[in-house]
Structures are given as C-alpha cells and as structure tokens.
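The chain that follows stands alone, in the form predicted on its own, written as structure tokens.
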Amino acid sequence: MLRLLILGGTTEAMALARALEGDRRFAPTYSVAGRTGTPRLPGVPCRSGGFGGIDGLVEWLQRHACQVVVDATHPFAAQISAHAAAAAERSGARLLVLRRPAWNAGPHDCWYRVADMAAAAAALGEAPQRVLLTIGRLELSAFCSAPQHHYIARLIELPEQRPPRCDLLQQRGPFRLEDELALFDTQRIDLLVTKNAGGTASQPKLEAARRRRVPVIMVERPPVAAVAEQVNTVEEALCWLGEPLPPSLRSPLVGSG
C-alpha cells in the first residue's frame, strides 16, 4: 500500500480522497485545518487540526511511515503549504501539489492584479465605494486601513474582526450567475476584491463583474514550493499516484517513535 497524507479542504482534495476510497493500493489519511466548524469529510481516515508546525508534521509523517504528501489545500493556504514542503523534504516523503488552474482575464475584463490584501486595500483608492469582498473571513482586517468604503463581505463563517462599514453575507457556494448579477445590482457594487482561487464554483462572480463592467482587484497566488511536483486536476493526481515509486520510497520510512 502507498501511504499518503492528503492536506485537504478543497473540492479537488475531497474528490481525490473519494476516488481512493476502497482502493487497496492506497492508505490515505485526509487532513483539514479545522477552521471550518462543519467540514465535509470523505470516507477515508480523517484528522482535523494542526500538526504543531514543521517539526510536528515531520514527526507525524515518520510515525505513520508516510511516503507521499499531497498538498491539495487552497492556493492561498501559504503557511501549511510551506510546512508541507519543508516536512516532506526532511522526512523523505515525496510531495505532490494539486492546484486547480488560476483564472485569467479575458479581453472584456478590467482586472488590477495585486500581491496581497494590504495592496488590495490600498488599490481601492480614496473615494468611497461599495466593495464586494469574497476573500474569506481571516483577512477582512486588512481593509480596516480603508474605512471610508462600504464593504459587503460574503463568507461562510463570521469573522473576528472586520472594517467599520461592513455588511456580512453568510453564504456557501457554488453561486449561480443570475444570483451574482442580482447581488451586483441590489448592492450597487462598484468594485470586487477576490483571490485568484481558480475553479468553477465561484467563477460566476467574475462573469457578473464583466457583464456589469465592475473592476476586479485580483489578489494573486503565492508561489508553489520549488521542491514540489505539481498537477492541476484530480485525474492527473491519480495518474501520478498510480506510477511506480522511486526505489528510495518503496520501503516504509523509519518511524521516530
């Protein structure tokens, strides 16, 4: 059996884990960060919560004789991705990054690409505007530096901190195009701030912005670790996992106790 750890929390991670259910060639463990109160889980062994940093993840990989780490986290989960790269290198496990392709602007889009949330807040400008935020709850505080705007933040769970003029829409996607168009119209959206997460579930908001001629401030992804191998689809990941392992990984890793 190929022992692997799937760092999950995305649609692709769930699909990969479910594709491995009952396949005796693989012994997967599915891990989520635990930031969502009711995460969706596959029918394979699962764990929730952090590992205790890089050292804790190395210890877990060695204790479970894990041969492969599949980083299928959100493209913006930079910390756990960095930990996965460091821990895989130290433990001797092979690292595969499963990342859906990024979105690309079309000829009728008006995108302003920025590196992070602080730059996104600065890009809003001084004149007050109505801004739709689809960035999750953890980074709303970055927009406290631009309190002159009226924010509409769509998220799954309530945030601990938010800008002073911020209406919350507690919703879970996927969202239909007609609903996104209605949102842009009823909320009189002037600007959209979002992350370049890729995928189809939240792409209708970009089509709505295009049709309503609303500019988009697009926060770009952090880079993938140089030590990783990368695929873009679950099918590619399954093909990769089905290939013979290098000789150094064909026998169990020595546990650390």
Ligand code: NAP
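The first residue of the sequence shown is number 1, and the count goes up from there. This structure is a prediction, so every number in the text was calculated from the model and none was measured.
Just so it is clear, the following notes concern the form predicted in complex with this ligand, a form of the same protein that is not shown.
Since exactly one of Arg40, Arg63, Arg47, Arg188 fits, which has a heavy atom within 4.5 Å of this ligand in the model of the complex?
Of the listed residues, the single hit is Arg47.
Among the candidates Phe175, Tyr112, Trp103, Phe76, the residue which, in the model of the complex, approaches this ligand to within 4.5 Å (heavy atoms):
Selected residue: Phe76.
For Leu4, is any heavy atom within 4.5 Å of this ligand in the model of the complex, or not?
Leu4 lies outside the contact set for this ligand.
Lys205: touches this ligand in the model of the complex, heavy atom cutoff 4.5 angstroms
Although this ligand is absent here, Lys205 would stay clear of it in the model of the complex, with no heavy atoms inside 4.5 Å.
Taking this ligand as it sits in the model of the complex, is Val219 near enough to touch it, meaning that at least one heavy atom pair lies within 4.5 angstroms?
Heavy-atom contact with this ligand at 4.5 Å: absent for Val219.
Would Val32 show up as a contact with this ligand in the model of the complex if we use heavy atoms at 4.5 Å?
Residue-level check for Val32: yes, a contact with this ligand.
Per-stretch contact check against this ligand in the model of the complex, the hit in 140-148, 125-133, 79-87, 179-187 (non-hydrogen atom, 4.5 angstroms)
Going through the listed ranges, the match is 79-87.
Relative to this ligand in the model of the complex, which residues of 90-113 have a heavy atom no more than 4.5 Å away?
Nothing in this stretch is in contact.
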